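Next up: just one chain, as structure tokens, the form predicted on its own.
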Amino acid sequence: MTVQQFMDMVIRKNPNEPEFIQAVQEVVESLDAFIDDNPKYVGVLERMVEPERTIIFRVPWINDKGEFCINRGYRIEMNSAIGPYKGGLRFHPSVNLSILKFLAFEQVLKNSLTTLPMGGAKGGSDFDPKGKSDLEIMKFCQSFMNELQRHIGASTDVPAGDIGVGGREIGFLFGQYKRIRNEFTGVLTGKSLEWGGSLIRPEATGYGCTYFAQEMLTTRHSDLKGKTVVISGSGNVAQYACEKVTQLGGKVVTLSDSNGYVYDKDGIDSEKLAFVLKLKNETRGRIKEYAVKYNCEYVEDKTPWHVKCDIAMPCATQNELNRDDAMALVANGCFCVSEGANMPSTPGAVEYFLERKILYAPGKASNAGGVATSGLEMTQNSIRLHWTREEVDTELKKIMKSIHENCVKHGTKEDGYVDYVLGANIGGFVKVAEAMLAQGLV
């Protein structure tokens, strides 16, 4: 079956799901020649793009005005060949079947790359936590868990947080699970430290993205010291990518949200970042307030990809960086892109980065630190132990280094250029495919 024939089949089976089709196409094109050379894998990919289970349910809840509200809940259990389903929950108005299937499919390969025994899943709801009171969010989370609890478990499916689902939401979800099931197990990750969470978990995706960038830079005998870094987003991933870049000697000059971005030419140091953490995690304000406080430039309704930099880290959302943005980055001296979000670069942008042979890491490799540390949290929960910050950080570094080595192994071209897209896709695919073949028609 040709790539086009395969994609025609995927499109026919998954109409009106552009994000899922985009994610599948990128992987299929990468694996085409590899599968031709390894015919035992023919047919495996067709099974991998079909979720093992798709769960859709209604979520009724009552707001503070006493009004009855309905949202839609989802859980896409994509693949469990190498371990229990693992992947986040996203609460955002944009959530739909296409977005969650793309995220679940990416999660399968990402989790495989970590080398930890975790399958791939994703879930969430079109519920918007912005502007909601704590009581409204608690009511929604409890109703959401009333149905989700039937489908998850410490050895079955272990959700985590994602966009719109932080420590507050995980707490409400876990409390309802415990109330219904009468058990205290590691069924969710991203928990608070006081009741089973792991140190470094909030920082893990941003730290891992930075560690991966550092590993890529070593292939060109360089590091982060003295480098100017442009970061999009201002949530969890962006915050801790900023923190780690600064600790390793780089200078972060931008952060953004859905309204625009700030450009601070002097750099977002630890003191300024502390303001961002309070702004975004406590007062839930807009990034524009940073520009007012520190008297720097604010650009409304734009992304930061036209700012001069050495390194770019897209840490906001899918398809936030297009081909024109990629061309602007490279023209302004950017030679390294490490994705902190899931599929933040459009196919045209990825194509341009690879054409110009810059260091480019797809999210399934460079943002795997979050789920890797979730896996470490699962381990701690299973053995009823709590590791130190240093122990978890050391394991995270090892995992990101291992992912990088796997990408280099499978992605190095004849001219020496490392195609991290190719490397990540082949490296993630092989482990899952071998497990599926060994287990029969699962």
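Here the structure is a predicted model, which is why all the values come from computation and not from measurement. A residue's number is simply how far along the shown sequence it sits, counting from 1.
The same protein also exists as the form predicted together with a small molecule; that form is not shown, yet it is the one meant from here on.
In plain terms, the part of the chain that comes close to the small molecule in the predicted bound form, with a heavy atom within 4.5 Å, is 233 to 241 out of 215 to 223, 291 to 299, 246 to 254, 233 to 241. The contact residue chosen from 198, 125, 342, 80 relative to the small molecule in the predicted bound form is 342, the criterion being a non-hydrogen atom within 4.5 angstroms. The listed set 137, 273, 163, 330 contains one residue whose heavy atoms approach the small molecule in the predicted bound form to within 4.5 Å, identified as 163. Mapping the unseen interface onto this chain, residue 185 falls outside it, with no heavy atom inside 4.5 Å of the small molecule in the predicted bound form. Within this chain, residue 258 lines the site of the small molecule in the predicted bound form, having a heavy atom no more than 4.5 Å away. Residue contact with the small molecule in the predicted bound form: residue 110 places a heavy atom within 4.5 Å of it. Interface residue remark: residue 205 is counted as part of the site for the small molecule in the predicted bound form, having a heavy atom within 4.5 Å.
Although the small molecule is omitted here, in the predicted bound form none of 151, 181 and 381 has a heavy atom within 4.5 Å of it.
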